[in-house]
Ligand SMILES: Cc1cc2nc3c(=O)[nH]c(=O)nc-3n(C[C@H](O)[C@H](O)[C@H](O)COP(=O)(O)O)c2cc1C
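Take a look at this single chain, the form predicted on its own, given in structure tokens.
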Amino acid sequence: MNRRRVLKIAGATVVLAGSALAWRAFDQGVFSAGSGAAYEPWKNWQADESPRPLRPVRAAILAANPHNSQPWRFRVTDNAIDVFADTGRNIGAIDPFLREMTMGIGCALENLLIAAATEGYSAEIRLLPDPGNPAHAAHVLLAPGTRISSPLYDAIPKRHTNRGPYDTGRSVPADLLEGLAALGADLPGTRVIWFNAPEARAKTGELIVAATEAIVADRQQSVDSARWFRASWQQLQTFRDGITLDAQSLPPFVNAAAKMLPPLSQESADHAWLQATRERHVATAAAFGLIVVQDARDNAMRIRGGRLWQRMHLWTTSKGLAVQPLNQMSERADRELQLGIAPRFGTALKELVADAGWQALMPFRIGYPTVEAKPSPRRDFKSVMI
């Protein structure tokens, strides 16, 4: 074979390889983060299509929720909105008693109420209105009222969970943390405990890492968590839910490489999550917080806890802060109770709360972001209507 022919073959190989890489990049959405039908709800949430109060529902579906499972349904009439839990979208052994799911419903309810007030409705709320149907989370009766503008409303389309590193050179002032906790003053039976002193922060971080290790070692919890990961652009656009690479706040080149390469094995993915928890989430937290309620098994309390979390997340978004749920301790405590095993993390949470009158609902971290958080896919509001 002469030199010219070798060069032609080599050139053709390079072109084919480049074309394959380009196609892979296109197919995996490397250059399409935040686009496509799965992200339209973030952009058209203020669309006005009907005299019925639909905008509050459009706002509700943008709320925080566990594993981006979006476990909610809505029924809308001319003067009321009913909110239901979609229990078929539970996350299995990660949330065996539906604590996180119910908090997610509370988050959606908070967005709905903020949007309703901005639209000029006054709202009368009844939690768990139907004793015969535990999935019926809330009945919201609407009446004409005064339009109430709020920075929280403006933050709804900007609120995203930031899983990136936080600025280790900036602490969150104590008065700001106190003001954040005070947002729940109208939500009976809820409060926030802060762990921002170095020793308390270190202890809490160690427990979060240890709980993550325990989840990874629990085959069923690992499998149930992985079920919600959307490994391809097609999956993401089809299901319009779940955990995505774009929402991990990875450096751009790492994110692109992760999309281009074959999906990780479950063991490798678990290891990557554990590493991120230890080296990014825990290591860069300016402080940890813990939402507590008087009865963590009571669904009304869980809904109020979810409302507080959503309100806090919107408020931090408006102030340039970042927050991220770190539910691992609570997930392990629930799993321990489900399996009837020694309550290692149940006991640890009680010690952190240090008050028999309160029970842990959800740990989280707070700090100043160093990277921009990306949106997660969302189902269209029509798909969650009854």
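Source: prediction; values computed, not measured. Numbers for residues come from their place in the sequence shown, where the first is 1.
From this point on, the text means the form predicted in complex with the ligand, which you will not see here.
Original post:
Going by heavy atoms within 4.5 Å, which of 284-292, 178-186, 158-166, 110-118 lines up against the ligand in the predicted bound form?
Top reply: Residues of 158-166 come within 4.5 Å of the partner.
Original post:
Pick from 137, 308, 314, 103: which has a non-hydrogen atom within 4.5 Å of the ligand in the predicted bound form?
Top reply: The option sitting close enough to the partner is 103.
**OP:** Please check if residue 326 has a heavy atom lying within 4.5 Å of any heavy atom of the ligand in the predicted bound form.
**Re:** So residue 326 counts as contacting the ligand.
Subject >> 4.5 Å heavy atom contact, residue 349 and the ligand in the predicted bound form >> reply: No.
Original post:
Closest heavy atom of residue 83 to the ligand in the predicted bound form, within 4.5 Å or not?
Top reply: Looking in the predicted bound form, residue contacts with the ligand do not include residue 83, since no heavy atom lies within 4.5 Å.
**OP:** Using a 4.5 Å heavy atom cut-off, state whether residue 57 contacts the ligand in the predicted bound form.
**Re:** Outside the cut-off, so no.
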